[in-house]
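One chain follows as structure tokens, the form predicted on its own.
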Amino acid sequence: MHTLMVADDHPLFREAIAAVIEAGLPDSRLLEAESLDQALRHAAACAELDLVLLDLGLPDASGLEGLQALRAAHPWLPVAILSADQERRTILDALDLGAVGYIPKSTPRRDLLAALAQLLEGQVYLPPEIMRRPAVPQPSIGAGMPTPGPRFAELTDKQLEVLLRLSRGASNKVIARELDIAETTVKTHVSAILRKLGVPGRVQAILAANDADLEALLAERHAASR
């Protein structure tokens, strides 16, 4: 049984989230807060709280102030942002401040449930359509192609494939299915990726991946192996 909390000042939205969780996660318990102050009090009183879904528009907190306050008061508590704001910079700032995920309020019900399941498994959730790098014309493989950073060059082809999917918001289970490998193998690859990139966790690895061009590096390696 999981215990979640939604902190949002719109009763209708809280009701909608409650309905989604009741239907898709029937063994879960949901706490509701209409302000940051109430969310902080719920968190202090509920040691078994597994996840907070935090809106950025609470009446007593502006922008990411609510996330900062929750992280400062309860650093052990996983907090995911649930917001209508879909700016990539906001998402990255939330991750930098310790959010474990970012769910747009426009997320369809089925995808929302998948996101919640991923977060409750202790993984990071990112909106793939927002975090995916904008499409830009790529130079042909060969002369003039940018050289990737040395940290990414240390990753094996399979580790690059895993990191690319992580950066798109895929869970370990999805990555295992797409690459036709065991989920435990995915976890092993993730540990190796973190070690080779010199980062403490998945969020930092994903942020680094979004500043690199992993698809181009993979394409270059595949071309070289032919």
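Quick note: we count residues from 1 along the sequence shown, nothing fancier. Between two forms, the rigid core is the largest collection of C-alphas that superpose within 1.5 Å. All values derive from a computational prediction rather than experimental measurement.
Same protein, other form: the form predicted in complex with the DNA, not shown, and the subject of what follows.
51 to 59, 165 to 173, 24 to 32, 64 to 72: which one contacts the DNA in the predicted complex at 4.5 Å, heavy atom to heavy atom?
Checking each option against the 4.5 Å cut-off leaves 165 to 173.
Since the partner isn't included here, can you check whether the DNA sits close to all of Q159, T185 and R202 in the predicted complex (heavy atom within 4.5 Å for each)?
Looking in the predicted complex, the three residues Q159, T185 and R202 all sit within 4.5 Å of the DNA (heavy atoms).
Would A43 count as touching the DNA in the predicted complex under a 4.5 Å heavy atom rule?
A43 lies outside the contact set for the DNA.
Examine V190 and determine whether its closest non-hydrogen atom to the DNA in the predicted complex is within 4.5 angstroms.
Although the DNA is absent here, V190 would touch it in the predicted complex, with heavy atoms inside 4.5 Å.
Can a Cα shift of no less than 2 Å be assigned to A205 between this form and the one not shown, given superposition on the rigid core?
Yes.
Rigid core fitted, is the C-alpha displacement of L53 between this form and the one not shown 2 Å or more?
No, the C-alpha moves less than 2 Å.
At a change of 3 Å or more, would you call the C-alpha separation of R177 and A99 in the predicted complex closer or farther than in the form supplied?
Compared with the shown chain, R177-A99 is closer in the predicted complex.
Say whether the C-alpha atoms of Q123 and R177 sit closer together or farther apart in the predicted complex than in the form shown here, given that their separation changes by 3 Å or more.
Note: Cα gap between Q123 and R177 shrinks in the predicted complex.
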